[in-house]
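Here we start with a single chain on its own, the form predicted alone, put down as structure tokens.
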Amino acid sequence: MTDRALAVARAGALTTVQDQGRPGHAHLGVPRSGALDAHAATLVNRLVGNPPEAAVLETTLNGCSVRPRSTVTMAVAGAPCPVTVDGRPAPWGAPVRVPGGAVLDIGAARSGVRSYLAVSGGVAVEPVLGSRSTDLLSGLGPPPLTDGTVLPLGRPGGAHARVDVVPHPAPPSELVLRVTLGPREDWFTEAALRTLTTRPYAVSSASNRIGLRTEGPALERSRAGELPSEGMVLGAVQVPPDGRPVVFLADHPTTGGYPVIAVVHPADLPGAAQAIPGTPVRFVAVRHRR
């Protein structure tokens, strides 16, 4: 029987298994999780003939190396990076046939933060609450990969895409986040609301899968104290005591007591996944909550 498995030769800084996440469990305190750059994850799955919900690998900054135990089709997209098979250059953003025993290496990101690797058949680790995603906050799903980890693969389905190259947006040189103000904008002064939507911020090096932290002017509150814990959503812009906005990403907590001044438009969140520290950030108010 063909050995459908993938061995990790080099795990890299942080490589995790991700799919479309586990929505619908916030009442249990379980975040959605899932691929931060959902567009890139969907793209690599399409390139190798997988359904959109198949699990992929998400790498961070310096990539990873993997060795399939049987011949598979792979594709890498997301943050642009060098790709090799047994040391020979291979295309980025296109399906690549990798023989069993060969090593596919994803190098350091040339721009952006996270690259995605799909394998025909998908990564078939055991699902937890309907998802194979690693959740760094709750600890659900498989742990981050380490050297020597062996991952089972599913059976390949459809044929891989017949393309030479695919269009894919470059990581942002400036991150523009459209926001709807609220639900707690009344906890901030009018000057703070103007600051949020007119002054520049930058991505902080403390950002991670839980949230994109920013550096820039502090937002002044109009009232003291803290809120009772309330539900948090993907894209919530929470303001902790230091006054610098934090954009909640896939592994965000499901409740929090700091006020949420705005919520980011979902279509802008994949850009947040690829914004390197120091990237300028602008918050643009597109409508007010009624």
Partner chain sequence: MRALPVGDRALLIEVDTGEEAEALHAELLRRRATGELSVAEIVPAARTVLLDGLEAPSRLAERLASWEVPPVPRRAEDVVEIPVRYDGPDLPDVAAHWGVDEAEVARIHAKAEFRVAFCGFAPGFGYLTGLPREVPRRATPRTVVPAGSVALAGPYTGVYPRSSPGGWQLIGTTDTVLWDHARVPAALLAPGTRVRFTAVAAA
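Numbering follows the first chain given and starts at 1. What you are looking at is a predicted structure, and each value in this text was computed from that prediction instead of being measured.
Not on display, but discussed next: the form predicted together with its partner chain.
Put simply, A38 is far from its partner chain in the model of the complex: not one heavy atom of it is within 4.5 Å. In the model of the complex, G29 approaches its partner chain with a heavy atom inside 4.5 Å. Taking the partner from elsewhere, G24 is found to have a heavy atom lying within 4.5 Å of its partner chain in the model of the complex.
Mapping the unseen interface onto this chain, G243 falls outside it, with no heavy atom inside 4.5 Å of its partner chain in the model of the complex. Checking G182, G100, P91, P169 against its partner chain in the model of the complex, a heavy atom within 4.5 Å turns up for just one residue: G182. In terms of contact with its partner chain in the model of the complex, the residue from T149, S204, S138, T73 that brings a heavy atom within 4.5 Å is S138. With its partner chain left out of view, the stretch that reaches within 4.5 Å of it through heavy atoms in the model of the complex is, among 174-182, 114-122, 73-81, 190-198, 174-182. Shown here without its partner chain, the chain has P228, S229, E230, G231, M232, V233 in 225-240 lying with a heavy atom within 4.5 Å of that partner in the model of the complex.
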